[in-house]
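The chain below stands alone and is given as structure tokens, in the form predicted alone.
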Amino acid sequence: METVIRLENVVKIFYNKKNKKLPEERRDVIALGGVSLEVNKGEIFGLLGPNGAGKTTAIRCIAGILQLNSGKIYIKNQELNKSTAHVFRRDLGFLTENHGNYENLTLHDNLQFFGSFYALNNLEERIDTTLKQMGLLERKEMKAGKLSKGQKQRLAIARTILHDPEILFFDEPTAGLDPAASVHVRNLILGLKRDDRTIFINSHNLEEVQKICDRVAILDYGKIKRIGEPSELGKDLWDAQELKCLLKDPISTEINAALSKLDYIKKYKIEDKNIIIYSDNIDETTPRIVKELVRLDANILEVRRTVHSLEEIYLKLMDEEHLGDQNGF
């Protein structure tokens, strides 16, 4: 799998000039405290964290807007620095948290202005194609200030993809939008995914990240706490994984006795027609349990593994980390 973005021990520190009550050595604000991660070609990668965690700083560093204090960033295996930042500009599309549209200009003129930065030969054709893709073509000659919030965000996305970049950055893409507009924008982002395009999303919206991201990094206080697929992030946060089997009939003593002898489950409990099984590796345990129940002539109605939501994973991880901070770890 080809790596498109790589961060190696990235540190970004801001100097707080306003707080003059503090001595100079304590005015440093560490936004990123040694962040390392990789983003693969063709995936949607989400950086998740609370406000102030360092998400926007990270995305601005990767896009070449902010300079690092230390560490390295590579884009397509080439190091990003002052002399190379302009080389990547054609390959990047960056949507900031504030849409940045010129509200007194028409949609067409907004895109024409931003498109002129890239010397596109077929700019007018690209404008029409992109507006159509965003569902805004019929508003082409309308001033951007007259659009709804959701439409303004779609115009901002149109501006971001107009030059057909290989890497897209979205900073809080649905912030401030109503539920319907948020769903629309999420679907548009999913529609932008393709094998040769990588999408990097900053968000504190757990539902958004879980629905559209292939992999997620959880960032807190400028440090990465977890990286992985949303479904895999919580595996080691709980003592055991859970499997529920619903049978048609109450659990027989024969089934109960057989379960008590299985050495590949940690424990189990019976609630009327339900068997709740706890295991260290539910992927391995589930087929063995089903085979055992079939052998015992159990009439199985449903087998369901408990999958912790990203919200549960996130809250548990944050609770554990902050508890550790309070205890001095």
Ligand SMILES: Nc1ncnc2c1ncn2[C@@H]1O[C@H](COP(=O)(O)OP(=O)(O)OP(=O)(O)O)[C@@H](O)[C@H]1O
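As the structure is a prediction and not an experimental result, all values here were calculated from the model. Quick note: we count residues from 1 along the sequence shown, nothing fancier.
Keep in mind that the form predicted in complex with this ligand is missing from the display, and what follows is about it.
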{"property": "Among the candidates 214, 97, 232, 91, the residue which, in the model of the complex, approaches this ligand to within 4.5 Å (heavy atoms)", "result": "97"}
{"property": "This ligand contact at residue 56 in the model of the complex, heavy atom, 4.5 Å", "result": "yes"}
{"property": "Residue 42 within 4.5 Å of this ligand in the model of the complex, heavy atoms", "result": "no"}
{"property": "Close approach of residue 52 to this ligand in the model of the complex, 4.5 Å, heavy atom", "result": "yes"}
{"property": "Proximity of residue 29 to this ligand in the model of the complex, heavy atoms at 4.5 Å", "result": "yes"}
{"property": "Contact segment among 292-300, 44-52, 259-267, 273-281, judged by heavy atoms lying within 4.5 Å of this ligand in the model of the complex", "result": "44-52"}
{"property": "Residues within 4.5 Å of this ligand in the model of the complex, restricted to 181-208 and counted by heavy atom", "result": "204"}
